[in-house]
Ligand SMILES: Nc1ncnc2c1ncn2[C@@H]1O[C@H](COP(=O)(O)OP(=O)(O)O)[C@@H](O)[C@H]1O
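As structure tokens, one chain now follows by itself in the form predicted alone.
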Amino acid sequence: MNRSLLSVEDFSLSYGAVPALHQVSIRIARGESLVIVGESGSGKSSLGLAVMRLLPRTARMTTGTIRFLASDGTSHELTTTDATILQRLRGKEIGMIFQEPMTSLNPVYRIGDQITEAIRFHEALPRTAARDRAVALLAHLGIAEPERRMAAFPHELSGGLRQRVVIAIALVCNPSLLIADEPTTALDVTVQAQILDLLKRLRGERGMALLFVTHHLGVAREIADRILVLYAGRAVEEGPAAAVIAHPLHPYTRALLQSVPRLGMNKDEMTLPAIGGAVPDPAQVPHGCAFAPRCPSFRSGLCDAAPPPVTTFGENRSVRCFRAAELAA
């Protein structure tokens, strides 16, 4: 029996008639960090929202399962479980940091009310006890004067403080899985580094699993145990973070890495190579490899004929590319 904390098997999703995810599979163990990487339009956020079952009404699952192992040992099929069980799991067992803190916080409620709401719903604590826990958590997250911040409205806080508040809401009930949907995208580099350090520290302290979504492999390097690269709704590469970053086996992963600035770059290296073109329209994905039109270095006739199969390298790495063996060599 699979005892992964989260197990997504052959999951496919469409919005109306437009496919968004194609038979994506992931497994996350307790305490493990899986980072999903890809450009906008690759399906990263859709996968995170599917786990929480917060997709819009136009979304339709076409194949696959999403199973979650709760702290009491019960296994739940999240795509079909009833709303009552789902409400019990959200916030308590699975927390989520949404992409933009200013839009995920309610502008007309004070910070304290938004943090304590989850505690009182899931644990039925008295208002005073819930407030004390929220204040302690804000202090633990590095927020100065937490008592005063509890009385503030979202617009009165900086971007970094708002992001910490969103993290507090996600963590206040000690979930075993945290989904972070591009939590550092709207922040400057210094605050971004602080948030990543904070998430790493909290993960170590609490032993929670992390499903982290980003478009930036530099960010993935900082926080991932394993990396899954998505392109046009398909998983094109997966493996241990150190191995994927040191020796990518898919041309897309290689191109993403080449576009990340590095410390110590000399003057000649300051112009970073860009990936030509754009992610294809989900309604008009090429018949063969979806990345083929943007892959001038490795493209061949095979790439246009059919989608490449998944090739495994050892026990822990997989790649979807006809020329993976050449890149591996």
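Numbering starts at 1 and follows the sequence shown. Nothing here was measured: the structure is a model prediction, and the numbers come from that model.
Heads up, the form predicted together with the ligand isn't pictured, but that's what we're talking about next.
Novice: Find the only residue in 62, 297, 300, 40 having a heavy atom within 4.5 Å of the ligand in the predicted complex.
Specialist: It is 40 that has a heavy atom within 4.5 Å of the partner.
Novice: Check each of 288, 282, 31, 293 and return the one that places a heavy atom within 4.5 angstroms of the ligand in the predicted complex.
Specialist: Looking at 288, 282, 31, 293 one by one, just 282 meets the 4.5 Å heavy-atom criterion.
Novice: Indicate whether the ligand has at least one heavy atom within 4.5 Å of a heavy atom of residue 321 in the predicted complex.
Specialist: Residue 321: no contact with the ligand in the predicted complex.
Novice: Would you check, heavy atoms only and a 4.5 Å threshold, whether residue 313 touches the ligand in the predicted complex?
Specialist: Close contact is absent here: in the predicted complex, residue 313 is far from the ligand, nothing within 4.5 Å, heavy atoms only.
Novice: Wondering, does residue 56 line up within 4.5 Å of the ligand in the predicted complex on heavy atoms?
Specialist: Yes.
Novice: May I ask you to check whether residue 24 falls inside a 4.5 Å heavy atom distance of the ligand in the predicted complex?
Specialist: No.
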